[in-house]
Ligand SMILES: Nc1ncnc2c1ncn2[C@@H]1O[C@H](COP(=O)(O)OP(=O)(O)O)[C@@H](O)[C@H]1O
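Single chain ahead, by itself, as structure tokens, in the form predicted alone.
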């Protein structure tokens, strides 16, 4: 679960990226966080992943308090979540299988467990037949699915996707959102951060609208303003 209470973030003593944000995301929810450039979406992501701490307020993700979180505890927090980035962040010289396996290998898993879990998530994203290919040999949509598989491989409670459709054409965008919907139906909490209102309006999900560091709207349905 995500629980933010009165969360503010100020940079350099005067740049207010977030202003007293209250946000609760229950286990199993699917939530869009949208807003224009400079709304505070990136700062919110950095707080949720413990990259930065709030200047004020309290924040908790999957049972971890993010205020004063020890550096030694951050890897354990991050194993409870998977993050999907707009630029995919795949290693071009490694195969699809190896890219996904890296995320679980760092946890100390054995070869059999790695093989079973990688095979399972590649099946979920429909890329079992591309396991031996390398990222440059794949389409943008396929690379995004590899990134999603990598985020899933540690069976996280939470998936956070940062502008996951920003580099995709409309058809691949629809495929990606269908995949996130499938993952959510399997019980994983999904938070998608985007500025693309058309993506949001195609799905009847909860929408949190940020602007100037404040939540202006939090309701189920599209956003047409």
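Note that this is a predicted model, so its numbers are computed, not measured. Positions refer to the first chain, counted from 1.
One more form of this protein, predicted in complex with the ligand, exists but is not displayed; see below.
Though the partner is left out of this view, residue 167 does not reach within 4.5 Å of the ligand in the predicted complex, counting heavy atoms only. With a 4.5 Å cutoff on heavy atoms, residue 49 does not count as touching the ligand in the predicted complex; it lies far away. The ligand in the predicted complex comes within 4.5 Å of a heavy atom belonging to residue 39. Although the partner is absent here, residue 173 is not a contact residue: none of its heavy atoms lies within 4.5 angstroms of the ligand in the predicted complex.
Only one listed stretch (54 to 62, 23 to 31, 179 to 187, 40 to 48) carries heavy atoms within 4.5 Å of the ligand in the predicted complex, and that stretch is 40 to 48. With contact defined as any non-hydrogen atom lying within 4.5 angstroms of the ligand in the predicted complex, the contacting residues in 2 to 33 are 11, 12, 15, 17, given in sequence order.
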